[in-house]
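Next comes just one chain, in structure tokens: the form predicted on its own.
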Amino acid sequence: MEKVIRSVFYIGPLIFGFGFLTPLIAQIIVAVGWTPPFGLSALATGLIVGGALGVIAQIRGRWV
């Protein structure tokens, strides 16, 4: 059980990026009325931005 908890905390920034930031960014895009580039949907743009932020935080080891 301890290994499972450690692995979840290890990939925590990725989970946060994909699970929280993605829908938040998508909802902000819809609320503002912005059209994402290249014909992407708001959710796809949220996945790209939220995933990128999660990967950066995972690599650096911190959000700031």
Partner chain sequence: MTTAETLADADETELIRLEREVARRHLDKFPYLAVVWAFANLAVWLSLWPLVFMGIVPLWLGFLVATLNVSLSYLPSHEAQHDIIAKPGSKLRWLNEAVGHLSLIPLVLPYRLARLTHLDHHKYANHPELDPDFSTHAKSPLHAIWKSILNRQPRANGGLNTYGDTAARHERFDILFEGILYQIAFYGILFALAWSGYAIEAALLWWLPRHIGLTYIQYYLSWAPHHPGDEQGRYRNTRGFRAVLGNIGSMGMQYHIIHHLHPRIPLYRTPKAYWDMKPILEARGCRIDNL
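Positions refer to the first chain, counted from 1. All values derive from a computational prediction rather than experimental measurement.
Below, we turn to the form predicted in complex with the partner chain, even though it does not appear here.
Within 4.5 Å of some heavy atom of the partner chain in the predicted complex lies at least one heavy atom of R60. For the chain shown alone, G51 is not a contact residue for the partner chain in the predicted complex, no non-hydrogen atom being within 4.5 angstroms. Though the partner is left out of this view, T22 does reach within 4.5 Å of the partner chain in the predicted complex, counting heavy atoms only. Within this chain, L40 is remote from the site of the partner chain in the predicted complex, having no heavy atom within 4.5 Å. Heavy atoms closer than or equal to 4.5 Å to the partner chain in the predicted complex belong, across 9-24, to the residues F9, Y10, P13, I15, F16, F18, G19, F20, T22, P23, L24, ordered by sequence position.
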